[in-house]
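Consider the single chain below, provided in structure tokens and representing the form predicted alone.
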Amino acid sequence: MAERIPLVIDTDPGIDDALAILLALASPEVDLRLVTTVHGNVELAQTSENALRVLHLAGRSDVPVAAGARGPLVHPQPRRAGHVHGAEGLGGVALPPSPAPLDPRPAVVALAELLTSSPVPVTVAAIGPLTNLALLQAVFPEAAQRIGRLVVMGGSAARGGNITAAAEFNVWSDPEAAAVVLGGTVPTVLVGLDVTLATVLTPDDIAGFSGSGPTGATAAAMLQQYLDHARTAYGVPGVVVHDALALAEAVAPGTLGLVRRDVVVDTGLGAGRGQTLVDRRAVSTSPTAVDVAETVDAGAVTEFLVTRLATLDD
């Protein structure tokens, strides 16, 4: 087997974030070295606590969790997503507290130290607002350039938004940070609504790992609230796996069909704020271009997710 790729997850758990963390732990291709937390679906203190508890659920309290930005770079964003994820972010499921404390380092420091000390490139999966990654580029630019691959869940090339008519939630939560990150030269993949909305875990899929043991059963229980939201918001009979799809591409490159595009983020204060403007007229050769996910084999991906998540209790 090839050497495992070091992985960092930057996240705001969140039901689908929790599923993504569990997928990473079930994937032998990667070695989850660090989880950094950020404001987003719920407040920072809760996203950090949720990350600790999800890792403990999977028996991996050894993975450090470092807390990051508690708000956006420029404009305060008081709106959260408790109506989607539940007041505490995990669909109303109360996970046991972790015996592990938070890492005392700020997230950007922990991430910079890991990047500079790693002898091999590190993959970073950013599945929440991009504030921590923008701060890393500003404060530790040399460390940021050591990211081997940055996989971002966010934005939309052609389908509009899910929090406004124009904007996807993660980018909308901190457009200025997204503009910094997506305008940089770190090799970046953008996994947006164009592919995530096509990738749905049905109740039968969820049953495929819910009976595998206590971890699978708990993951399935967290998804129940998400089922109700998906029916109402998207009209689909299952769970849209936004963050887990980005993790699938992080652990198994080539899962998604990527096209290199120029991407600009609307940082204005009008109706388009947070929109990812993807130039689909031509393939880009710019050093700041982004590999945009444009196609997905939804059936193959859902099978991959179910198969992996079913191994959590092995």
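The term rigid core refers to the maximal set of C-alpha atoms that superpose within 1.5 Å between the two forms. Not measured: the values here are computed from a predicted model. Sequential numbering from 1, following the sequence displayed.
There is another form of the same protein, the form predicted in complex with ligand RIB; it is not shown, and what comes next is about it.
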Within 4.5 Å of ligand RIB in the predicted bound form, do Asp17, Ile127 and Met153 each have at least one heavy atom? yes
If we define contact as a non-hydrogen atom of the residue within 4.5 angstroms of the partner, is Ser48 a contact of ligand RIB in the predicted bound form? no
Can you tell me if Thr123 lies within 4.5 angstroms of ligand RIB in the predicted bound form, counting non-hydrogen atoms only? no
Within a 4.5 Å heavy atom cut-off, is Thr188 in contact with ligand RIB in the predicted bound form? no
In the predicted bound form, is there a heavy atom of ligand RIB that lies within 4.5 Å of any heavy atom of Asn162, even though the partner is absent here? yes
Which among 180-188, 136-144, 94-102, 162-170 is in contact with ligand RIB in the predicted bound form, heavy atoms within 4.5 angstroms? 162-170
For a quick check, can you give me the residues of 230-264 that have a heavy atom within 4.5 Å of ligand RIB in the predicted bound form? His242, Asp243
Comparing between this form and the one not shown on the rigid core: C-alpha of Tyr234 shifted by 2 Å or more? yes
